[in-house]
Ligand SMILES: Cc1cc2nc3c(=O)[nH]c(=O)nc-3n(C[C@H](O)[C@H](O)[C@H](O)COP(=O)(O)O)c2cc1C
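For reference, the chain that follows is the form predicted alone, supplied as structure tokens.
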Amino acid sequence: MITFELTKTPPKSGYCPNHMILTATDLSPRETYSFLAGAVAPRPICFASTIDAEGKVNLSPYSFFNVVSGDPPMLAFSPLRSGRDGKTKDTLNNVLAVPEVVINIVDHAMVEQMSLTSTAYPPEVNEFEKAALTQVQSESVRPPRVGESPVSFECVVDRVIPLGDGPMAGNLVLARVVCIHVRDEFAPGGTFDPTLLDLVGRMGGNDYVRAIPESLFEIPKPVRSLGIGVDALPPHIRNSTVLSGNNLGRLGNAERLPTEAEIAKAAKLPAVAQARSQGRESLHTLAKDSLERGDVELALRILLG
């Protein structure tokens, strides 16, 4: 972890006096990086296998990585130049020489082996061997894939975009997926189930996060419906001292407000009648309990009664 002194500058707008304002030009690249890597997280990990012009294999992880297009299917990752001397990584040199890469997804079972491959070994060293990972021949590209990876994407490199030429500058690699490998246990019955993957994500410093079932939660997405929005709610709900921003977001995701008949029916429930007798805060607390149980319709009826 990098620590350094921060100077608090009053915001020009005056809107957020409790926020610290930092100008990137006043920070060193390493200090700026600590904010980028620490706050933009957790990040998925691109475990990239490449080869150089002579066929030597390299395997390295990159957490500046994500999916960026569905059609064409594209993944992107960015190998940074060395923070010490600005030298480019072997992965970048390889994809410029042989524009192909296999992006292997990292699960918890291999996270320590993945971390080991981030060591700055010389180009002639095969990280598969150093980390005791299985090198498997790919179907459509020359670099091998990682046999232990739950999912691997064989890709051809579409383009490489240099984002700077100094220390810690990124180089955006856009890779088009041409073949996907999924281990059988993650597609029971032929249906891919991502909840089985036990994925890990990169945080700041030396920290990682594990996407175990206990840490997963669902949020209904307004893909096929049009949420009413928080602005459609009365002021006493929007300005509630009980309801959180997440509570309001869930209410705003509702497709419609309840009818008067629905509100009247909810008002007859004993718990609602008791809460009403105790004041608005008690009603909001009861509605919050309903929201946290996933019953948005009842929460709206309670709040609007």
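Numbering starts at 1 and runs along the sequence shown. Small disclaimer: the values here were computed from a predicted structure and weren't measured.
Below, we turn to the form predicted together with this ligand, even though it does not appear here.
Not displayed here, this ligand is approached by Arg202 to within 4.5 Å at the level of heavy atoms in the predicted complex. This ligand in the predicted complex comes within 4.5 Å of a heavy atom belonging to Thr119. Not displayed here, this ligand is approached by Tyr208 to within 4.5 Å at the level of heavy atoms in the predicted complex.
By the criterion of a heavy atom within 4.5 Å, Thr91 is counted among the residues contacting this ligand in the predicted complex.
With respect to this ligand in the predicted complex, the three residues Asn58, Pro61 and Leu80 uniformly fall within 4.5 angstroms at the level of their nearest heavy atom. With this ligand omitted here, the record of contacts in the predicted complex names 71 to 79 of 180 to 188, 152 to 160, 128 to 136, 71 to 79, defined by a heavy atom within 4.5 Å. Site annotation in the predicted complex: the residue of Ile105, Val141, Leu233, Met114 reaching within 4.5 Å of this ligand with a heavy atom is Met114. Of the candidates Leu243, Ala275, Ala254, Ile45, Ile45 is the one whose heavy atoms come within 4.5 Å of this ligand in the predicted complex; the others do not.
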